[in-house]
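Provided below as structure tokens are two forms of one protein chain, presented individually as structure 1 and structure 2.
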Structure 1
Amino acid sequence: MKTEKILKSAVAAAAAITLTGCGSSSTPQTETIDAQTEFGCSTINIYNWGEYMGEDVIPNFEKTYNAKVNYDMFDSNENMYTRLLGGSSYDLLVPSDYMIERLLKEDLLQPLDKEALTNLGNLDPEAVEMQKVYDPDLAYSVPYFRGSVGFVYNKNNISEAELEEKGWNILLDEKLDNKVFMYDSQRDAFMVAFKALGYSMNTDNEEEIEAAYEWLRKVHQTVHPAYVTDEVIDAMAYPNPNEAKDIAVVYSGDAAYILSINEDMGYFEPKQGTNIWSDGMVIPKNAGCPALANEFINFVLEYDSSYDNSITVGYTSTNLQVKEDIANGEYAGINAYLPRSGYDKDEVFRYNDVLVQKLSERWTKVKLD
């Protein structure tokens, strides 16, 4: 029976890899600690984005601390938030900036134990600067990954000079009809529009919102974008000749991954400014084992874990040394790995419930035009 054979060899291979995995993965420098005796609990529940962690981080942590990690994954900040409303209690979350701001506002987070976080010094000052926008003293959050939003474009069909000249407004160019992927989220789509028009993406101004809406409608009528979310990553990395697009609005971390696979693609951050973002580790108020969660944060900040995370996922590390090593090593020449920072037209999303309401209906209308 062929299938059975394949199955058997698969099982054997899997066993082999787990075994060699035990031998080769160098356990970090720290000695083994027994979480139960040290912190009174030995299980933590972590809720992180899908495909957002290196494969060895958790096994190594579990070995070092003689602990168990339940690792759950979400696919949007909002899904995560809704589950928190349902009473799910986690010890560690990794939401994005604006969601951390919201959780802080709603008093759902507890302060971090700065004494346990001995590795805070490893952090990239650029990442810390961004975090300070919503958590000034880093009292509640530690940056995990960061990045920007920009264009991934086919260098054979679009020149960088043209992007320099037009920026976001290249989406109004007729020659790109049916050649555009737009990110299907009101937040990201309106960010592009606000920036194209020179406004703040955190604006509350009715006229500016209306103008951004008109801009998006014009884009819709001119280039008929395909509105996609994560599908864009594969579509640009492995383009299908029948459906290939020339340009897409993409997160820098995903762009780095695309560029590392497809050499025809480039990454560009328009001069009009863009969204710079960071995801951070936070501990909810109702955490069952916060002491161990603090240890986990500290563990992630170590070089080995940070390196494993960043190399697996392709997002920019918040560990300065790791960032520099990867930028000069594995991701050398891929500009998306080093997103712009310190540019005054770039902004971080703020939590704004009213704005979200205003944008959602308009976003539906744009797509239905």
Structure 2
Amino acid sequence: MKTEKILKSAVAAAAAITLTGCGSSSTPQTETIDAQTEFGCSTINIYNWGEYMGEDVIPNFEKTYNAKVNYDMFDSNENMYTRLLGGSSYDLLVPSDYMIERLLKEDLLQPLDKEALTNLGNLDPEAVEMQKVYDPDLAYSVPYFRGSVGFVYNKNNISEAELEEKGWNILLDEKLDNKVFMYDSQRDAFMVAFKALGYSMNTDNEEEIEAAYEWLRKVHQTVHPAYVTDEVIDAMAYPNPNEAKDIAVVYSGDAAYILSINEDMGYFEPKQGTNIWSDGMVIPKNAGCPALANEFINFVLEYDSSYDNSITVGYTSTNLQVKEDIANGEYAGINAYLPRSGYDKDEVFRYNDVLVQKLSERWTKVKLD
């Protein structure tokens, strides 16, 4: 976890104490429960994205339930899926929308215990509606975070008017040679290309896929982007004058954090449309301690845990009260914290194994060209 985020979450924790007393819709667990006695097990194994949980959530849960949490991190939905199929046993996963859809289709998840999930009423209705696209009754998944993909850009070097005019196609502007960060993700990169060309990001049309591949090749040859993952956060928040980039394709939560640190940066979602996404908490069928995993999900939905999560990571909370408090508090005026909603050109990724294979083959070629 980055030092800056640790310091930031410490400030947030103090703020959360004040806010909890005036607007929280959940009651934090204060009495210690012995997990072994109550649930027959006292250890849960969690598999989540890197830098994707508040500093105090796990320690507070362990103290409250006299339990142990083993926490592993993955860097892509596909890597998580491969490990799960390889026989690894986890009690809780936090995959993205299309991967939850895949896990459901392949019967790899078990139903949640709705009686244990007493904090479901804290959820933001907008987050619930996104989850219902692939889990209509929230029988197997609970919203964790949601967000979008857009540009973080240096306002001193790129104008919003220019972004309005060019959208994703600004990545073909020669003046940005060696000034671009592109997220090293085949689905996100091809999403950018599909949207720039006016296609659905869920297309499996061969001609459209090939056109998107050629568009990305042209971007690669024109602006020579640096392909990155989490390092883009510090690189844009604390730019090195000798290596600074003017624009980066990033997730909205990373953008919110960057904008809170660096006032020279702005966030922009192109009019051609973008990916709006949600990640959810699920319990695999082979979980060894599902009862305690359900308790953890419920714990995350409490106000204090949700606040810690969202402030630390920067993504839009699925706890309605937390979302509103942060949007009007810590991230007031930072548009990346509340991604665009209700825009007809924005889409959610859907699971399509054939499409994933086609993109994977071409993405490797793009970066080697």
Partner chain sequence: MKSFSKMVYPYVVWAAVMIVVPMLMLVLYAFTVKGNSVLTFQFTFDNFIRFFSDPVFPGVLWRSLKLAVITTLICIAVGYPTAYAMAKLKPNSQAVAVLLITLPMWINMLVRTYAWRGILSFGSFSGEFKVYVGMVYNFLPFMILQIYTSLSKIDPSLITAAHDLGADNTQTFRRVILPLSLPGVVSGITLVFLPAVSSFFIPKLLGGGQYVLIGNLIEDYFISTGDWNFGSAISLIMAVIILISMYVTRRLDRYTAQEDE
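Take the two forms, superpose them, and find the largest set of C-alpha atoms that agree within 1.5 Å; that set is the rigid core. Keep in mind the model is a prediction, meaning the values are calculated, not measured. The first residue in the sequence of structure 1 is number 1, and each one after it adds one.
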Identity of the form predicted together with the partner chain among structures 1 and 2: 1
Flag for Gln36, CA shift 2 Å or larger between structures 1 and 2 after aligning core: yes
Rigid core superposition, Gln321 Cα moves 2 angstroms or more between structures 1 and 2: no
Core superposition between structures 1 and 2, C-alpha change of Thr64 at least 2 Å: yes
